[in-house]
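Quick setup: one chain, the form predicted on its own, written in structure tokens, and binding and motion questions come after.
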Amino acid sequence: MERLDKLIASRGTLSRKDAQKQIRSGAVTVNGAVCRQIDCKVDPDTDEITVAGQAVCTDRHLYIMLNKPAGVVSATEDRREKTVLDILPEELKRPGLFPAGRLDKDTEGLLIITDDGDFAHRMLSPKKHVDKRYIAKLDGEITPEMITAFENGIIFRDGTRCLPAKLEILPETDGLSGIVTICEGKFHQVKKMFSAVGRKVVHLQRISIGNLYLDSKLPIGKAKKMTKLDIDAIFLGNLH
């Protein structure tokens, strides 16, 4: 059980003081009944709470799928650039959210935002072998030699060796686009891997993490709350 004012403040964008004002004003309901007691004890697992008619997400942790657009940075805050947290709808904002992994500013596609650090570590650790898949459009054709190089593990100019990766030519693209599968997340990794074999990435989109695929009905720039099935899918069906 948690205090009502504390729960509202921890699950949304209101401060503790503002949450108390909302409660005292009669703007808060618990299971359909107005509650004006700031220290009222509620069960976040079963009680339904609203503030000014807006349902409060009482889940202890939040998991969000974002179809990231180009032009925003994968960060919690930035003084100069718009971040992925800035573009979330108000009903999905709460303290402690962060992007689980990064996508470059000009890269689009699947990005998970959460406040669960243990989950993020499990998903991002190379030891867990959670595959990330990207569609890469290139400035030149993919060759069999490139596919072999990816399978053997690309070595960057500074000597950094990548784990073995999978490169497949995307049908009906004249060899100019491919699906890349990696299980790690080095800085600018996919772009650097192609650069190492003489190709430049002109467009990059992440389409899946583990067995969780970007929702084809989720418009670019939009976000939605993930289900338990979504979360479980991340750790199922890996290629390694």
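Sequential numbering from 1, following the sequence displayed. In this text, all values refer to a predicted model and were calculated from it rather than measured experimentally.
The form predicted in complex with a small molecule is left out here; the points below concern that form.
Within 4.5 Å of some heavy atom of the small molecule in the predicted complex lies at least one heavy atom of His188. Taking non-hydrogen atoms only, Asp115 never approaches the small molecule to within 4.5 angstroms in the predicted complex.
In the predicted complex, Asp104 approaches the small molecule with a heavy atom inside 4.5 Å. Contact check for Leu204: a non-hydrogen atom falls within 4.5 Å of the small molecule in the predicted complex. Comment: 190-198 is the region of 207-215, 190-198, 44-52, 30-38 lying near the small molecule in the predicted complex, near meaning a non-hydrogen atom within 4.5 Å.
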